[in-house]
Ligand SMILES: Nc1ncnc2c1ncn2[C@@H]1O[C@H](COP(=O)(O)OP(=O)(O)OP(=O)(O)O)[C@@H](O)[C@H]1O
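Given next, in structure tokens, is a single chain: the form predicted on its own.
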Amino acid sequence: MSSSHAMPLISIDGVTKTYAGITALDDVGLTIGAGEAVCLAGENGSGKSTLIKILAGVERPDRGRIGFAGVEQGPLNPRLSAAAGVMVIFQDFSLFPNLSVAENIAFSASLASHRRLFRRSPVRKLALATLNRVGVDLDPDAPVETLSVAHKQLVAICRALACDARLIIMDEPTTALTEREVRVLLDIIRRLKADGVAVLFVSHKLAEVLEVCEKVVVLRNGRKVIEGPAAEFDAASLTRHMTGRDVAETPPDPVPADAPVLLQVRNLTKAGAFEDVTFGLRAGEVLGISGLLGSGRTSLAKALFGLVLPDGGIMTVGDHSVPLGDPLAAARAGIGYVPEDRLTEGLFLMQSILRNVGVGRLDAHSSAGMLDFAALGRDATDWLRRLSVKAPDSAAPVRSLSGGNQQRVVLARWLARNPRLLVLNGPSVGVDVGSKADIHGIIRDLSRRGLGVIVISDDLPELLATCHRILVMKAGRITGEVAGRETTEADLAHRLAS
């Protein structure tokens, strides 16, 4: 749809923004044409979010020019940006859970037209027309709180279209989606482009970005380091531009032939979640478990750490049976668990980085009911250093860290306890490519040290980069097993989908 000779829909020139003396954006410029999909790539802290906020009118640049359809804009605010057709779909979607699909889709359009009265018929008509425009079959009367993450995202896209969006900015749109849901989203993006709607796509998942975008713009430390046609990039070169270094993903070292069995799971069953799950894990082995949404993989991950109580089955670590449904017993047996949602399940967000690590070692640094804070601090600081947690001050709240550094803090807490095996549920969800490669490196290092690691993920490149074996789950059952070194991403995707 876009043409290099046509008037750009969006033009940004020389945009600079500083916060308290720290430069977030430095002389950044780019253009987006109608019907063009542009990937805005960069690690956390590269300036992507600041640029999105400036386009949305939430932040104002210190200097620089922004044009919409050839018209230079004065100071923007959210209302002016929305009126120009710039819509942002943030990761939380900003929907009203208690309202219906139709009401959510029509809400912003109703506000923009200054309607004071709610009339069900035109709201449903607008919603159905917009759903039909993207080829989505959703019940317009369903409460949004009952929808899956993927369907909520589609509602957010339709809400933007109902407001005559000309540019839709998608911030990490595939983070919580399964492989199949990602395919649906990419098809919808293609339909939007064919309809003349431009898309600015921010994602850590590089393969998806390159598949759907015509152009790539890479930011690093607030500066644009490269811009060019998507066809001229691959995942490796994009990663190199984003990080400033080569990030090699090498498969893990083979497991020694005489490695003892560390974990044995037999006939683990939980009605409605998983059934008759049996597998073993050897010392130094990285075992992947993958499946589509509803396969039971998350419930199984939680059951291995005692957060879900199975109806039956046996679990042993070494020679000792582990009581089911008891996280404290699992931790005593040497099992650690890094949850998929680190913000609500893995971190004390208001507490310091140091305390988030040290809380796992209180027993090792207490005597007669008194804590040795100095020893606890030294221990936690050592683990922060060993996992290269980038933090200006370890006394700062852990919520101040990037996603990748937060994930390392959760890992540091468990590694400080000297576990025998770790269950990692989505170990790199929501982290940038540099941190993702570093976390994969940590997993390989743990394997070399003889720990057993279970990686629960639907990120196929992640599984192939870290795992010796991969178990495939469907409808709560283990239906297949592949060797990490002997399979391809296409083969694994086929096994998951078929």
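Numbers follow the displayed sequence, beginning with 1. Whichever C-alpha set is largest while still superposing within 1.5 Å between the two forms counts as the rigid core. This structure is a prediction, so every number in the text was calculated from the model and none was measured.
There is another form of this protein, the form predicted together with the ligand, and it is not shown here; the text below is about that form.
*Asks:* May I ask whether 43, 294 and 299 all come within 4.5 angstroms of the ligand in the predicted complex, judged by heavy atoms?
*Replies:* The answer is yes: all three residues contact the partner (heavy atom, 4.5 Å cut-off).
*Asks:* Can residue 430 be called a contact residue for the ligand in the predicted complex at 4.5 Å between heavy atoms?
*Replies:* Result yes; residue 430 sits at the interface with the ligand in the predicted complex.
*Asks:* Using a 4.5 angstroms cut-off on non-hydrogen atoms, would residue 194 count as touching the ligand in the predicted complex?
*Replies:* Flag for residue 194 set to no.
*Asks:* Are any of the heavy atoms in residue 48 no more than 4.5 Å from a heavy atom of the ligand in the predicted complex?
*Replies:* Judged by the heavy-atom cut-off of 4.5 Å, residue 48 is in contact with the ligand in the predicted complex.
*Asks:* Consider residue 340 of the chain shown here, and say whether it contacts the ligand in the predicted complex, taking contact as heavy atoms within 4.5 Å.
*Replies:* Output for residue 340 is yes: heavy atoms within 4.5 Å of the ligand.
*Asks:* Looking at 268 to 276, 129 to 137, 72 to 80, 99 to 107, which lies within 4.5 angstroms of the ligand in the predicted complex, counting heavy atoms?
*Replies:* After filtering at 4.5 Å, what remains is 268 to 276.
*Asks:* Between the options 148, 321, 351, 388, which residue brings a heavy atom to within 4.5 Å of the ligand in the predicted complex?
*Replies:* Answer to the contact question: 148.
*Asks:* Taking 4.5 Å between heavy atoms as the contact cutoff, choose which of 252, 403, 334, 306 touches the ligand in the predicted complex.
*Replies:* Filtering the options by heavy-atom distance leaves 403.
*Asks:* Counting only heavy atoms, which residues in 459 to 477 are within 4.5 Å of the ligand in the predicted complex?
*Replies:* Read in sequence order, no residue approaches the ligand (within 4.5 Å, in the predicted complex).
*Asks:* Once you overlay the rigid core, does the Cα of residue 50 travel 2 Å or further between this form and the one not shown?
*Replies:* Result for residue 50: yes, a 2 Å-plus shift.
*Asks:* Tell me whether residue 482 is among the residues that move between this form and the one not shown (Cα shift of 2 angstroms or more, core superposed).
*Replies:* No.
*Asks:* Is there a C-alpha shift of 2 Å or more at residue 223 between this form and the one not shown once the rigid core is superposed?
*Replies:* Comparing the forms between this form and the one not shown, which are aligned on their rigid core, residue 223 does shift its C-alpha by 2 Å or more.
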